[in-house]
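Okay, so here's just one chain, in structure tokens, the form predicted alone.
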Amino acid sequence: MRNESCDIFCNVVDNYGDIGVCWRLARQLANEHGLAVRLWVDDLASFRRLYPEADVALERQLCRGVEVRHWPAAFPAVEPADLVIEAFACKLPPGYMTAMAARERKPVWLNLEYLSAEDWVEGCHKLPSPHPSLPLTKYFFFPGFTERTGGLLLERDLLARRDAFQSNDGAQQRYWHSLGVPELQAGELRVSLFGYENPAMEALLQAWELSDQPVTCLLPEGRSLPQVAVFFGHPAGKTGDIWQRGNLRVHVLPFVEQERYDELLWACDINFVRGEDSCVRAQWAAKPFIWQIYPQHDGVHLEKLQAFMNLYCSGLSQQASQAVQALWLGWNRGDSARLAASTDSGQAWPVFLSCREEVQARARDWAQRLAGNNLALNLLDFFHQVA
């Protein structure tokens, strides 16, 4: 165990994505690498969605080996840590930065950036940025999918636990039973659906309704729920609801903490995920997935999506690559009425499904390749080089 300390600052701005990444990183640094970690969070109510045992009334509490602190507007006077992580350019409190500058041995200050597959990320990873007035230097640390980036968050035992679960039929049956979902039937397809609001939702649900095989959709309670409820003729939905239409059956699941969500991804045949954190977990699940990237008004998110698809699809045949990209683009553009049939989410689904075996093999190979580039290990190596 080391005596090194780490402060992680998280400003919750996007539906648990930012806090999801920070909470994973904090636990990994504390529990696998022995750092004394403080996680500063401005929105404890959002944090409690990921960690239900949290008390939103407490300014300071210990959660799974991590000291979780409320980040108030009037920031308290504290001794800065050896490693300071500013998550997603969230802007450190001015008083805290002054205290950093006053330390004889300056902290290593990192801005943990958003995940991107774009080419420019490799050139910006680890770049220094001197503070204009204080004797401090901030370094940009970029997660990514290539060896010249910071890699992805991966717990020490995650892939072993995944493999044990996916190879144990009994464990999977017990998992489905815990959710109130019947045992898997022959020929049935199980799909998890976690996403933002999407105008293409109806086209996708219709494709499942009219599918030649039974489709069971596991829908975690969240932003997609109202749209799915309306598709089934309900004004709203709630945890425990079960709806059937044609060959589609939907089970509404509770919003669960991160480890339970991993199990859902492992158990399903195909996963629809959103944002950054669930996208990474879907890749570790080694199952075919469809990523709904966080939408931006200027359409830049589609460029980021294409950059990732270029990497991910490079190991696929032309037919499978086109099938993956058609479905992903149709889902992310979100307006099936304006899309050609080849890229409409509903039309693209059966083509994607016809390539499922190849996409499944690619998903397994992709996860294995990414596993050699661990974000927490890379971050600590850089910390020790700079300190």
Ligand code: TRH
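In case it trips you up, residue 1 is the first one in the sequence shown, and so on. This is a predicted model, so every value here is computed, not measured.
A second form of this protein, the form predicted in complex with 2'-deoxy-thymidine-beta-L-rhamnose (TRH), is not displayed here; the remarks below concern that form.
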* Asked: Thinking of A160, F165 and E263 as one candidate spot, does 2'-deoxy-thymidine-beta-L-rhamnose (TRH) come within 4.5 Å of a heavy atom in every one of them in the predicted complex?
  -> no
* Structure fact -> Testing 270-278, 79-87, 180-188, 244-252 against 2'-deoxy-thymidine-beta-L-rhamnose (TRH) in the predicted complex with a 4.5 Å heavy atom criterion leaves exactly one stretch, namely 270-278
* **Sole residue of M309, L136, L302, V256 within 4.5 Å of 2'-deoxy-thymidine-beta-L-rhamnose (TRH) in the predicted complex, by heavy atom** => V256
* Looking at P220, G237, P107, G151, which is the one with a non-hydrogen atom within 4.5 Å of 2'-deoxy-thymidine-beta-L-rhamnose (TRH) in the predicted complex? -> P220
* To do: With heavy atoms only and a cut-off of 4.5 Å, decide whether C355 touches 2'-deoxy-thymidine-beta-L-rhamnose (TRH) in the predicted complex.
  => no
* Asked: Do L50 and 2'-deoxy-thymidine-beta-L-rhamnose (TRH) come within 4.5 Å of each other in the predicted complex, heavy atoms counted?
  -> yes
* Asked: With the partner left out of view, is Y16 within 4.5 angstroms of 2'-deoxy-thymidine-beta-L-rhamnose (TRH) in the predicted complex by any non-hydrogen atom?
  -> yes
* To do: Answer yes if any heavy atom of Y114 is within 4.5 Å of a heavy atom of 2'-deoxy-thymidine-beta-L-rhamnose (TRH) in the predicted complex; otherwise answer no.
  => yes
* Going by 2'-deoxy-thymidine-beta-L-rhamnose (TRH) in the predicted complex, which residues of 24-47 come within 4.5 Å of it through any heavy atom? -> R24
